Ligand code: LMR
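Quick setup: one chain, the form predicted on its own, written in structure tokens, and binding and motion questions come after.
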Amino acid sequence: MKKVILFVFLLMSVIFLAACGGNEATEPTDDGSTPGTDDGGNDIQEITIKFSHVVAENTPKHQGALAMKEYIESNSNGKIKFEIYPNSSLFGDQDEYQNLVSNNIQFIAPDLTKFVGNNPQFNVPALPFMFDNDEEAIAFWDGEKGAEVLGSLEADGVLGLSMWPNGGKHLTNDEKAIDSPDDLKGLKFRTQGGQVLESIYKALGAGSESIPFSELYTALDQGVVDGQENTFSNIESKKFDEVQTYMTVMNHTRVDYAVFTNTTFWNELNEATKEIVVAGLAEGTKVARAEAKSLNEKAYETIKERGLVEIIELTPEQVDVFREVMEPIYAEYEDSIGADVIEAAREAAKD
């Protein structure tokens, strides 16, 4: 009888320890994931992914983020939660990068020129009249040199994954109609910042100031700056035409975004989870790229319909005058950006 009792006691102890061990296996890890069994990474991790950006919901960037969310959540059977924070509602221009480095958020999609302080090669979208359209810009960033530039922030723990276009930029201001370089003299414009943009406005006799996108409407309304440069979709969605009088259609520089992630987060994804996230990013990229041209065209029509600004559409001859004034920018920045990178951009534009 004693042997039977001892056997039952030992059996119950094993069952209890196994249950405890099972409970410990489902405790969340430091990165918020819930690991499964050691089966070679085939269990989808239970994680929450945060995507923060600074623009409105009716923009290509937000539509791309929504496509990522829909794909990732549906294909993970709800194990992966994907939260989107638009309009600087979580972090703004000034602090989203540091919070990505800290892994407080897992994805951001900033304007590429925001990174010129980290690497001057991110000045490519600011090179005057480099790309005529989204397709040319995409061809560069999807190419070898573009991928090298996107991957240049890994020392910070940040990895660039995919370029999302927004489009060519156009000038708005509250002082006068602009149809020649001389018209900019003495005016001050908000830019995203960066050496090339500063040089462009200096060459035009104008001033430039870097102001966070979330604060730009107020800055324009209060006259902190006379004008700004942006895509049609950003001008329309943020209603900058409410506080500006003139808009010059120029397409002189670009707003191009890229999706960046935190390398710690990225490297801790197991095979099954990363496969879903990568596929979701591909879906988001497809949507963002398709939406960019369409939303810019619709936004331009909406700006026309609102009738709040006088629109100046430059002739090819007038554009050539601007090109001539800005051409020295290329020689000025060839060393810092790299002749090979500029040449790769020119080749992408030719194709």
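Predicted model, so just to flag it, every value in this text is computed and none were measured. A residue's number is simply how far along the shown sequence it sits, counting from 1.
Omitted here: the form predicted together with (2S)-2-hydroxybutanedioic acid. The next part is about that form.
Chemist: Heavy atom within 4.5 Å of (2S)-2-hydroxybutanedioic acid in the predicted complex: which of Asp93, Glu136, Asp226, Asp241?
Modeler: Going through each option in turn, the one that passes is Asp93.
Chemist: I need to confirm a contact call. Of Leu150, Met130, Val255, Ile72, which residue comes within 4.5 Å of (2S)-2-hydroxybutanedioic acid in the predicted complex, counting heavy atoms only?
Modeler: Only one listed residue qualifies here, and that residue is Val255.
Chemist: Is there a heavy atom of Asn230 lying 4.5 Å or less from a heavy atom of (2S)-2-hydroxybutanedioic acid in the predicted complex?
Modeler: The answer is yes: Asn230 has a heavy atom within 4.5 Å of (2S)-2-hydroxybutanedioic acid.
Chemist: How about Thr248 - does it come within 4.5 Å of (2S)-2-hydroxybutanedioic acid in the predicted complex, if we only consider non-hydrogen atoms?
Modeler: No, no contact at 4.5 Å.
Chemist: Asp111: heavy atom within 4.5 Å of (2S)-2-hydroxybutanedioic acid in the predicted complex?
Modeler: Judged by the heavy-atom cut-off of 4.5 Å, Asp111 is in contact with (2S)-2-hydroxybutanedioic acid in the predicted complex.
Chemist: Does Arg190 reach (2S)-2-hydroxybutanedioic acid in the predicted complex if we count a contact as any heavy atom within 4.5 Å?
Modeler: Contact with (2S)-2-hydroxybutanedioic acid, yes.
Chemist: What stretch, of 296-304, 283-291, 312-320, 51-59, brings heavy atoms to within 4.5 Å of (2S)-2-hydroxybutanedioic acid in the predicted complex?
Modeler: Of the options, only 51-59 has residues within 4.5 Å of the partner.
Chemist: With the partner left out here, which residues of 211-240 have a non-hydrogen atom within 4.5 Å of (2S)-2-hydroxybutanedioic acid in the predicted complex?
Modeler: Counting only heavy atoms within 4.5 Å of (2S)-2-hydroxybutanedioic acid in the predicted complex, the contacting residues of 211-240 are Phe213, Asn230, Asn234.
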